[in-house]
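Encoded as structure tokens, the following chain is the form predicted alone, with no partner shown.
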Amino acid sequence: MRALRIGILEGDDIGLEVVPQTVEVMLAAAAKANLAIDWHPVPIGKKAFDELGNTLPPGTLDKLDTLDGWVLGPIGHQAYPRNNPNSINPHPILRRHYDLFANIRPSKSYPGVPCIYPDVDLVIVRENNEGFPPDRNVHLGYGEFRPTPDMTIGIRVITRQGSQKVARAAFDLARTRRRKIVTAVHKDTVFKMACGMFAEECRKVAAEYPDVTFNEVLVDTMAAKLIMKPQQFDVIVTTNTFGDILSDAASALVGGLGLAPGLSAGPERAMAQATHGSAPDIAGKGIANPYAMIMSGQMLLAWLGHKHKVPAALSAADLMERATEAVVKARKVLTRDMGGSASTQQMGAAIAAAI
């Protein structure tokens, strides 16, 4: 097997701190597992704009076309220069260009780490390229418009193909987990056509997985159930905006967005991208929690291992997971949001050393 080709896109603000720690941990795991990786730094974000005049410079997509996957740091696009065609939010473009249709977001609580609920271990699989987001639901133009000064109209797009793909990703994931339960979240009682289509496709896919238990919950009911007893859920599959909201709520139950990794996966490539934002208020202070980004890198290696049938990548992913959990459970080298006093670099180094 050739070396895996992985890109490094640092992103903005705390991305410049947590992505390097993620790469160091991935390097340690790859060395231990005898996994060959070719690393490729790729410019993106505000740093790329300052140096090259574009937040998504010409050639970036061409470079990513040659890679198996990449680590993308958080993007701070709200601070980008306004009304400049070269100052755009890159990550929706990456998601659409590479059909990264499944946004996989785990939430897991750990003993001793401040959280609302112990014993939570669930994953939300969110459809990534349809739904309400106006930068993703039309081919040309924008999915929101204002026909009068006092009226704004937004478009929601649901397709059978998109619903089926994300449902299948959720069921495939559930098969790898201990409980093997998929819960589809929608609101087909009100959005009879849009949510109805999503629910129909989930039911069709469920019939192909008799070994996986299938449930359905309306999204408003899900909001209550998630807060009251999150331990009852295993894999949750839902549409774009519902998943975006529910995954942030789930992360709050286990300790916050610093504990919220994520992976955007498509047919051929995957992108490690933590759920949290770029946190400009703490950027440069060395206090950002690297857990979410490191575990996003772990998810990338696991996905690449399964995709390309590379046992060493699966071993490296397992090493990263066990080392990260060991450091968290030891509670000696954690950032302040997890109840410790360590810096970003110290926590990342502790995880690499544990490998």
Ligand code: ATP
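Numbers follow the displayed sequence, beginning with 1. Just so we're clear, the structure is a prediction, and the values are computed from it rather than from any experiment.
The same protein has a further form, the form predicted together with the ligand, not shown here; the description that follows concerns it.
Asker: Mark residue 316 yes when one of its heavy atoms lies within 4.5 Å of a heavy atom of the ligand in the model of the complex, and no otherwise.
Answerer: Contact check for residue 316: no, nothing within 4.5 Å of the ligand in the model of the complex.
Asker: Does residue 258 reach the ligand in the model of the complex, with heavy atoms at most 4.5 Å apart?
Answerer: Contact check for residue 258: yes, within 4.5 Å of the ligand in the model of the complex.
Asker: Taking the ligand as it sits in the model of the complex, is residue 278 in contact with it (heavy atom to heavy atom, 4.5 Å or less)?
Answerer: Yes, residue 278 is a contact residue.
Asker: Flag residue 337 as yes or no: does it have a non-hydrogen atom within 4.5 angstroms of any non-hydrogen atom of the ligand in the model of the complex?
Answerer: Flag for residue 337 set to yes.
Asker: Looking at 99, 216, 121, 248 here, can you tell me which has any non-hydrogen atom within 4.5 angstroms of the ligand in the model of the complex?
Answerer: That would be 248.
Asker: Quick one: from 320, 288, 300, 44, grab the residue that has a heavy atom within 4.5 Å of the ligand in the model of the complex.
Answerer: It is 288.
Asker: Considering the ligand in the model of the complex, find the one stretch among 135-143, 178-186, 235-243, 270-278 with heavy atoms no farther than 4.5 Å from it.
Answerer: Stretch with heavy atoms near the partner: 270-278.
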